[in-house]
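Form predicted alone, single chain, as structure tokens, below.
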């Protein structure tokens, strides 16, 4: 029974990783295509069998259909265990070793991916211009957490290393237990953050915690003997796949090279290993309107114009309300607002900027002043040993 349970969970871990709609560098749609192959069943179970309102497909993180898909994959995993036991083509010990090693490498991959993203300042990016001017009480908890994390490059570095270090330990069987224990501690903290701040990667974080427990599970007796009973520990369980040393070295080298290539290739593509120093969209930033009663695209009393790095023009009025428009940057650096069939030509002179808006054959100029976002307290990434130094810096 224990072998069936262990094998079933191990196969589920592999299946979940394969079906995860995760964007990869070399096979960007692999997980999406596998998920779509099960989507009709997942959505039917969620909608008709469980009577859950469906608003998103299984490719959407934390959608009801994705939770159902995870359960379906668990059923499939145990069916595969039953089939494998009847066929008896493979040794249960070898299957267990393969699944344990696979789980360790899967866990290592995700820790490296998210750890490197933090180390290179890509995951928790600096708060967007409009976010910096949104009142605290108007921010949702997930945006509030994300923005707070994005204000500190040093903490991002620390969190990145806390994930990268166990990821390296997991790649070697002699240090796998230590890597699994550190990973479990780190990922339980991530899980609680996602639940506490209502961040929509709860299923993935629960999965990674499960993988961590699975990786350390063969060593639980040893840990109990060492920490609780203080008795002489039994022999360390051998979970390494039995291959000839040269073959193992070649196979492991290929897997590790592919793993690191997959993780680092996206940074090579964007030609940057520092997210904070990446070139932003043209005219990125916040602009304070310096003329009275500004009318922009039919919106009155516009106080600020924000250009979002993801391709949005956001208008903020004097009451603190925001409205956004998807945009694209033309070859001449003008801003095309597709929804309004309008074009913004921006001319700058020092901190002064003029937005010339052309729409329906008419043209209007909006006078603005570009705001130095780095001068805002939330963008101050400096460090002070003493409160006295902090007071001096604020003067």
Partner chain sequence: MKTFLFLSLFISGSAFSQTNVIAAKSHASTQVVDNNDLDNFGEPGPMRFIAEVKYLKDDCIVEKYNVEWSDHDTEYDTICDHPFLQAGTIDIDRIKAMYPEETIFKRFDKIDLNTKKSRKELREERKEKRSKGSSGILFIIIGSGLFLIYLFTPKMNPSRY
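Positions refer to the first chain, counted from 1. Between two forms, the rigid core is defined as the largest C-alpha subset superposing within 1.5 Å. Keep in mind the model is a prediction, meaning the values are calculated, not measured.
Missing here is the form predicted together with its partner chain; even so, the following discussion is about that form.
Tell me, please, which stretch of 79-87, 154-162, 244-252, 288-296 lies within 4.5 angstroms of its partner chain in the model of the complex when heavy atoms are compared? Correct option: 79-87.
Whether 47, 96 and 212 all lie within 4.5 angstroms of its partner chain in the model of the complex by heavy atom: Answer is no for this spot.
Exactly one of 190, 178, 74, 199 has a non-hydrogen atom within 4.5 Å of its partner chain in the model of the complex; which residue is it? For this set of options, the contacting one is 199.
Exactly one residue in 367, 41, 329, 364 has a non-hydrogen atom within 4.5 Å of its partner chain in the model of the complex; which is it? Of 367, 41, 329, 364, the residue with a heavy atom within 4.5 Å of its partner chain in the model of the complex is 329.
Does its partner chain get within 4.5 angstroms of any non-hydrogen atom of residue 338 in the model of the complex? Yes, residue 338 lies within 4.5 Å of its partner chain in the model of the complex.
Its partner chain contact in the model of the complex: residue 301, any heavy atom under 4.5 Å: Taking the distances in the model of the complex, the answer for residue 301 is no, it never comes within 4.5 Å of its partner chain.
With heavy atoms only and a cut-off of 4.5 Å, decide whether residue 333 touches its partner chain in the model of the complex. Looking in the model of the complex, residue contacts with its partner chain include residue 333, since a heavy atom lies within 4.5 Å.
Under a 4.5 Å heavy atom criterion, is residue 29 part of the interface with its partner chain in the model of the complex? It does: once its partner chain is placed as it appears in the model of the complex, residue 29 has a heavy atom within 4.5 Å of it.
For the stretch 19-44, which residues lie within 4.5 Å of its partner chain in the model of the complex by non-hydrogen atom distance? Heavy-atom contacts within 4.5 Å come from 20, 21, 22, 23, 24, 25, 28, 29, 30, 32, 33, 34.
Once you overlay the rigid core, does the Cα of residue 28 travel 2 Å or further between the shown form and the other one? Yes, because once the rigid core is superposed, the C-alpha of residue 28 moves 2 Å or more between the shown form and the other one.
Did residue 254 and residue 28 drift closer or farther in the model of the complex, going by a CA distance change of 3 angstroms or more? Residues converge in the model of the complex, at least 3 Å closer.
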